[in-house]
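Only one chain is shown below, in structure tokens, and it's the form predicted on its own.
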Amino acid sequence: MSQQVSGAKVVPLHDKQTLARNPGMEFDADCFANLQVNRSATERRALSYGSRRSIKREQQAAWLLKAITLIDLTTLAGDDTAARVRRLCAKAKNPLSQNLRQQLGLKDIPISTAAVCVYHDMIKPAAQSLTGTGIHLAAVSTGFPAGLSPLPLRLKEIDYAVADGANEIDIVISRRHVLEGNWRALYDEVKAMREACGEAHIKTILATGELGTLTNIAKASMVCMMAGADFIKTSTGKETTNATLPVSLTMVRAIREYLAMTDYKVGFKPAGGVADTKTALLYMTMMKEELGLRWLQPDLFRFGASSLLGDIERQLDHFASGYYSAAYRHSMG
């Protein structure tokens, strides 16, 4: 049995509509000083996405194909090698087997992940593998994952990453600034990092599992956007608690508030904990309902994931054949 997906709009990153970059704004504590997040209400709203929406069959397959184009395919392991990174880049360029593409009726429709995300030492082999593909190259930087090295060293890390070919920089904030309520210090830090990035886009990782409250997360999100963040990102993937829907909803609503204030769109990236298709579809539903379809393009929404792609492949394989394939058939390299 073979199924085909018709009408799926799979838009490569390099074909996207041009987006005006967030320039940031002057620091203004009055914009967020009175922010308060009702945790109970936020959690109730987050729980509602799965109960009110059901995406089935062809529609689910189309959404999963879209999800592939939103992935930052990531390897951040201590035993990473150039060969592993090259294999990961090959997977990013061709995330689905030729046989599965034919079964789904994709024919010549281009599909790839949005980006590959690596440590500094792996930028050069990744850049060589991705040249001319339109797939972005993201590097974690600024003392990742703790962010506790001196600021001049963190800024120098950004310089090295950009010089080696990264066009997206995932930086980590100093959590102490949030926990101490030192918002001006957080603003100045992120602004300096944005300037160091130059033309490379900056994704600010809040490490939300270490910020204490949803109110702190909302305020930190607003300050990072004021400082010029192109994306705000939940987690490094190394914290005890990574991306959750209530945390993500809090950040997404901060993006909506910033849009209302400035008319600039800022992207969102959940990372850590998004490992299966069911969770991915919940996040995509949230983005559609809270911010609209424009936020389901890779210039405004990403999944920071390493295992999600494998599960998407299994679900698409089941849609096409009627059978679930073994996970080992969908390795990352």
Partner chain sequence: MILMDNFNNLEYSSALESSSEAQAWLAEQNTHFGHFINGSWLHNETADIMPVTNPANTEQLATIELADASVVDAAVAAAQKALPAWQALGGMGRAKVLYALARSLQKHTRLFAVLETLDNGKPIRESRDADVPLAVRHFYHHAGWAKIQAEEFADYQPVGVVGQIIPWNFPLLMLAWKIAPALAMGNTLVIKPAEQTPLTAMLFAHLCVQAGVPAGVVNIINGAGQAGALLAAHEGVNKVAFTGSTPVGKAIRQATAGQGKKLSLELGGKSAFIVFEDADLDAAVEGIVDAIWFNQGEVCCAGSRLLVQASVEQRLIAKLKERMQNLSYGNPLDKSVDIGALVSQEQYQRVDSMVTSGLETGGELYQTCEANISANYYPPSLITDVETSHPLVQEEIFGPVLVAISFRTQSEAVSLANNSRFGLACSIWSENINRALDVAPKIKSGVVWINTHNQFDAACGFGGVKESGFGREGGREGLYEYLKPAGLKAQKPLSKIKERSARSLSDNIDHTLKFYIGGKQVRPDSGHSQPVYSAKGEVVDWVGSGNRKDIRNAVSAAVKASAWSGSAGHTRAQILYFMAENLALRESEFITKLQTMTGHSAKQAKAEFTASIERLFTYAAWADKYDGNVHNVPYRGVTMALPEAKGILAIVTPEQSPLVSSISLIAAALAMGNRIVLVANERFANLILDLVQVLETSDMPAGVVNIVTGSRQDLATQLAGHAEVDGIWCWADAETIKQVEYTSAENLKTTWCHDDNDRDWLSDKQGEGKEFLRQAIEVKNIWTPYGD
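Fair warning: this is a prediction, and the values are worked out from it, not measured in the lab. Residue numbers count along the first chain shown, from 1.
One more form of this protein, predicted in complex with its partner chain, exists but is not displayed; see below.
S.K.: Does any part of Phe268 reach within 4.5 Å of its partner chain in the predicted complex? Heavy atoms only, please.
M.R.: Outside the cut-off, so no.
S.K.: Is there any non-hydrogen atom of Asp276 lying within 4.5 Å of its partner chain in the predicted complex?
M.R.: Asp276: no, not in contact with its partner chain in the predicted complex.
S.K.: Can any non-hydrogen atom of Ser307 be found within 4.5 angstroms of its partner chain in the predicted complex?
M.R.: Result no; Ser307 lies far from its partner chain in the predicted complex.
S.K.: So in the predicted complex, is its partner chain close enough to Asn182 to count as touching (4.5 Å, heavy atoms)?
M.R.: No - in the predicted complex, heavy atoms of Asn182 and its partner chain never come within 4.5 Å of each other.
S.K.: What is the one choice in Thr241, Asn167, Thr262, Thr215 with a heavy atom within 4.5 Å of its partner chain in the predicted complex?
M.R.: Contact residue from the list: Thr215.
S.K.: Heavy atom within 4.5 Å of its partner chain in the predicted complex: which of Ala127, Val85, Leu104, Val172 fits that? Just give me the one.
M.R.: Of the listed residues, the single hit is Leu104.
S.K.: Among 221-229, 249-257, 74-82, 143-151, which stretch has residues with heavy atoms no more than 4.5 Å from its partner chain in the predicted complex?
M.R.: The contacting stretch here is 249-257.
S.K.: Within 4.5 Å of its partner chain in the predicted complex, do Ser40, Lys56 and Gln59 each have at least one heavy atom?
M.R.: The answer is yes: all three residues contact the partner (heavy atom, 4.5 Å cut-off).
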